[in-house]
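Before any questions on binding or motion, here is one chain by itself as structure tokens, the form predicted on its own.
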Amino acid sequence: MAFREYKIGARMFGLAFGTSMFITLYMPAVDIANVSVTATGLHRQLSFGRMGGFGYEDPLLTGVNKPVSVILKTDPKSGSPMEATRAYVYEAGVPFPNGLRHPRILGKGPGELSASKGKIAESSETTGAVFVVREVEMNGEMVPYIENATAVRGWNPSDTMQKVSEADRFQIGKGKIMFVREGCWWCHTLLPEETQDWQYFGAPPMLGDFNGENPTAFGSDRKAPDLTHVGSRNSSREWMTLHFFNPRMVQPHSIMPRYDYLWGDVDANGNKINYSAWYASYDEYSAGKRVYPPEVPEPAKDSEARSLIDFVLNLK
């Protein structure tokens, strides 16, 4: 009898906690499962790959086992010129995103079309595949779906990569890993929230934009601009290169840290980067002893800096 009140209180607390967790976790999951993926959502998951953050496949967050996003201007099978098409190349062994592993999360229309017209069930992680995003009209609406271009068009990963120039290759999936690992989401959000945000940063994303993405990187505290549509606001790769190497080159009062170490040891031409000499020249420029700042090295194609810039410019 002496502890009856405590027992009732503990049970009431457990009931309240369980109910709140049910509302917080289960009900949104059911809601999301009933939402069809958008074309943006398909492009995002195909460019990011299975995991866009920490996971057992890449515990050190180095960006391994990621697809390559490409712009095709030549048909990989026939060699004939074609309209520029964005494709996603999964080399053998690169894990597929969740939408390919579990098509039901794509929603009824996109999931069924991806299976019937897109033939995604015929794709294999063992041999690799090439995917594109297509759209067809259903009931007066354009419905997106994933096409396994390897099965439908005969595009295999190796031939596809041979037909693409270096300028048309983008390491977006690896770049998102850099975005998460370097803590960019500590200051930048990927979710404009209030109407004032929409006026400045652009429209907020739709729920279907995140089907199959794992994890999202919304961020929780904004000390810097939202980046949801930054690739549309500023598409200059040159500006982004300066900004990441030393933010003070483009915004003198920026509090953003330098990310010059993501360049590695050599630049795009294979020349060793002399960081000490560069910053000595930059200090002279800051002190007014020289008219022009030193040239920022162009990041090598396999550098972490190149991947991070690819990811940020992809945010449209």
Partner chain sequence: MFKYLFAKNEDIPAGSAAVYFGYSSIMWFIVGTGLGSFNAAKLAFPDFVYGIELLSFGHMRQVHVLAVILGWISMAFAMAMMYITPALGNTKLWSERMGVWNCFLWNVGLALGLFLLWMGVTSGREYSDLPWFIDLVVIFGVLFPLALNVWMTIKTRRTQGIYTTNWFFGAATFMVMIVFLVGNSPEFFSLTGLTEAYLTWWFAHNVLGLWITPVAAAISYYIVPKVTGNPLYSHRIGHLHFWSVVVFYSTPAAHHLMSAPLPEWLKSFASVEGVLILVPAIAFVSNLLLTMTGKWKMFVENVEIKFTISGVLMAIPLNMQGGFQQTRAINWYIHGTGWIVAHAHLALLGFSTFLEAAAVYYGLQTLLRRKLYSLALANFHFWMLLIGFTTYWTSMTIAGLIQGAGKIYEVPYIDVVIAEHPYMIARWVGGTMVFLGNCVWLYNMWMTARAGTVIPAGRLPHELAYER
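None of these values were measured; they are calculated from a predicted model. Positions refer to the first chain, counted from 1.
The same protein also exists as the form predicted together with its partner chain; that form is not shown, yet it is the one meant from here on.
*Asks:* Looking at the partner-bound form in the predicted complex, is D260 within 4.5 Å of its partner chain by any heavy atom?
*Replies:* Yes, contact at 4.5 Å.
*Asks:* Quick one: does G288 come within 4.5 Å of its partner chain in the predicted complex, counting heavy atoms only?
*Replies:* Because no heavy atom of G288 falls inside 4.5 Å of its partner chain in the predicted complex, the answer is no.
*Asks:* So in the predicted complex, is its partner chain close enough to G63 to count as touching (4.5 Å, heavy atoms)?
*Replies:* The answer is no: G63 has no heavy atom within 4.5 Å of its partner chain.
*Asks:* Taking heavy atoms and a 4.5 Å cut-off, does A277 contact its partner chain in the predicted complex?
*Replies:* Looking in the predicted complex, residue contacts with its partner chain do not include A277, since no heavy atom lies within 4.5 Å.
*Asks:* So its partner chain isn't shown here. In the predicted complex, which residue out of E91, E147, E182, D75 has a non-hydrogen atom within 4.5 Å of it?
*Replies:* After the contact test, the surviving option is E182.
*Asks:* Between T127, S158, N234, N214, only one gets a heavy atom within 4.5 angstroms of its partner chain in the predicted complex; which residue is that?
*Replies:* Exactly one residue meets the criterion: N214.
*Asks:* Using a 4.5 Å heavy atom cut-off, which of 79 to 87, 182 to 190, 138 to 146, 167 to 175 contacts its partner chain in the predicted complex?
*Replies:* So the stretch in question is 182 to 190.
*Asks:* Just give me the residues of 238 to 261, first to last, that have a heavy atom within 4.5 Å of its partner chain in the predicted complex.
*Replies:* Residues within 4.5 Å: R248, Q251, H253, S254, I255, M256, P257, R258, D260, Y261.
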